[in-house]
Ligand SMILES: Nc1ncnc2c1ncn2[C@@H]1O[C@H](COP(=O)(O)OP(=O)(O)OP(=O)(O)O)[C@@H](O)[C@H]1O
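Given as structure tokens, the chain that follows is alone and in the form predicted alone.
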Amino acid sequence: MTYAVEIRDLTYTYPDGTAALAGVDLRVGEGTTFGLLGANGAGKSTLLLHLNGLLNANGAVAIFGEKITRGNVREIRRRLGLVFQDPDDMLFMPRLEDDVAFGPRNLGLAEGEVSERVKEALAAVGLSGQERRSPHHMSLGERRRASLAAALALRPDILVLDEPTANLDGRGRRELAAVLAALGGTQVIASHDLGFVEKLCSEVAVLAAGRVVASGPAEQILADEPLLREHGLV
């Protein structure tokens, strides 16, 4: 079976000696919305950065059966849309349309195709008609959806989101959840927001101290209060 994401024995230590990942094994099926749970410092963000080759460690990471290498990392990054926790890491242009167009333009696409993708991506996140707005004048919830649009403009096969509900109010969380549910496809959502994960994810894994300590159907893992309490999730 070919998985959308397959990780084998992934180990990573930061240059200062901090151990971040310690033999992670993880598989995400195609079409699955997968929740990666863990308290702050569990290693979630570090793990996500390996999925598109921003970090390179001992072990193996494969996307749709293709192990990430220097030779294919550009194509892997096109197929996997990574949405960072801080939307300002992805929104740096004066106008929203230029931020969303940034990725497609880097692919060398014709301007007509770029414009079509910008329009499509903004519609998908509920921001049609906002092309000329400055992202820095948007609410946090709008900026989160705008950064998602920037990833969607590449038409990725997998969406990966790092703590997408951090600091969002209830309305922002509901709007983002509705957008992600409508998008469907393969998604990996790293979060410690159990309610958000419960709404969207069919499979989850719990990460603690750089190791996967539990994985399985979302309803089973999220009902295990002793497990969640032990690892700082409740």
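Note that the structure is predicted; figures quoted are calculated from it, not measured. Just count from 1 along the sequence shown to find any residue number.
Separately, the form predicted in complex with this ligand exists; it is not shown, and the next lines address it.
A heavy atom within 4.5 Å of this ligand in the model of the complex is found for exactly one of Gly195, Gly184, Gly29, Gly41: Gly41. Across the proposed site, Thr11, Asn56 and Asn72 without exception lack any heavy atom within 4.5 Å of this ligand in the model of the complex.
Contact with this ligand, judged by heavy atoms within 4.5 Å in the model of the complex, is confined among 169 to 177, 197 to 205, 45 to 53, 60 to 68 to 45 to 53. Within this chain, Ala20 lines the site of this ligand in the model of the complex, having a heavy atom no more than 4.5 Å away. Taking the partner from elsewhere, Gln85 is found to have a heavy atom lying within 4.5 Å of this ligand in the model of the complex. Mapping the unseen interface onto this chain, Glu163 counts among the residues with a heavy atom inside 4.5 Å of this ligand in the model of the complex.
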